[in-house]
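First, one chain by itself in structure tokens, the form predicted alone.
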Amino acid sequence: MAEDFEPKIVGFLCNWCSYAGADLCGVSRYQYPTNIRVVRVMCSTRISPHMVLRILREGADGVILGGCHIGDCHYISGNYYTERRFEMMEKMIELAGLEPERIRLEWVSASEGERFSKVVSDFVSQIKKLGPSPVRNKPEVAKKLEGAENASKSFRMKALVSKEYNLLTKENVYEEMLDPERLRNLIEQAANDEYERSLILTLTQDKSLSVKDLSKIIDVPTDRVLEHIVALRQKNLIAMEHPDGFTPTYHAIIIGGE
């Protein structure tokens, strides 16, 4: 790692707490690295996972999310949903082969200017230890992040993550509480499925690939790749080609494309 490496970090800060804390930090003249570029949002829950994945895919070295402390959200339960989404972000980043430590979620109140300074300083130090984002020199990592980004936008993942908080804190119509571990396992399996399927579509947009090719690139068994292909064909998202004398290959169907 180059000694002069200065990370490029994007920070999403909620208007009511973390952004106000950052403002107090400046007014109080607490020092922190200038590597962070701040984006103010009304609530931390406005940060969708695909936004963070997109920023990382475009070369940011790290992303930090700041919100109100649990129980103090201006919108009552917004930061509870943020917690659930952040877990999904970490999962998708890990699946894409990037260090989950490149993103961080912190609660900083409007009165915690000094804490904001320490949080940013610590995160910048952490990113410096990790080094520059591999996206800049490894196109395959960018491809995997693109697959993760598309997976996080799928209806299945949006529905599961947005409903997780309510499913864990409220009874269903049968007055039953869902088992947290069972639900988390369900979401994790869904994340794996959606990531692998999205990556298959991403990889086959520009070039037709066989099941064996995809298995090698994604590093999953051929039978699992074939299961994904069947699911994608049922949704009319991927097409099969039959070259004479060759193994069948598949290419993504671009919606709205030629």
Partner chain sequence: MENDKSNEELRVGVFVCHCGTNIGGFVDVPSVAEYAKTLPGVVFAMDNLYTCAEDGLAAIKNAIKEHKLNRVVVASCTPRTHAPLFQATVEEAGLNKYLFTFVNIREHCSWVHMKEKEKATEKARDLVRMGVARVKLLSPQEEPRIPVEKSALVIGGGVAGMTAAHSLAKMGFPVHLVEKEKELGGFVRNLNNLYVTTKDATETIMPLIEKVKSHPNIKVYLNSKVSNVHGFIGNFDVKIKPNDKDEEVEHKVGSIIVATGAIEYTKEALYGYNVYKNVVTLTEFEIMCKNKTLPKVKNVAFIQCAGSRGQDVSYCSRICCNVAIKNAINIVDNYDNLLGIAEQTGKAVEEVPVEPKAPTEVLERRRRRSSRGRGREDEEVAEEVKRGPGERIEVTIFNRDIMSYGIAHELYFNKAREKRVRFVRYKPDRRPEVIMDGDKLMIKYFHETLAVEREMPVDLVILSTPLIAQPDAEDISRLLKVPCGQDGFFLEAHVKLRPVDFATDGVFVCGTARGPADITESIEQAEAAASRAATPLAAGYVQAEAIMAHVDQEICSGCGTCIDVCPYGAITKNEEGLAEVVAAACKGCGCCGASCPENAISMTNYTDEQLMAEALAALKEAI
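Residue numbers count along the first chain shown, from 1. Treat the numbers as computed from the prediction; the structure is a model and nothing was measured.
Absent from the display: the form predicted in complex with its partner chain. The rest refers to it.
- Checking 184-192, 91-99, 140-148, 69-77 against its partner chain in the predicted complex, the stretch whose residues place heavy atoms within 4.5 Å of it is 69-77.
- Although the partner is absent from the chain shown here, Ala20, Val38 and Thr45 each have a heavy atom within 4.5 Å of its partner chain in the predicted complex.
- Remark: Arg84 does not count among the residues lining its partner chain in the predicted complex, judged by a heavy atom distance of 4.5 Å or less.
- Heavy atoms of Gln126 never reach within 4.5 Å of its partner chain in the predicted complex, leaving it off the interface.
- When its partner chain is considered in the predicted complex, Val27 lines it closely, a heavy atom lying within 4.5 Å.
- Proximity of Phe12 to its partner chain in the predicted complex: non-hydrogen atoms within 4.5 Å are present.
- Arg54 is the sole member of Arg233, Arg224, Arg54, Lys216 with a non-hydrogen atom lying within 4.5 angstroms of its partner chain in the predicted complex.
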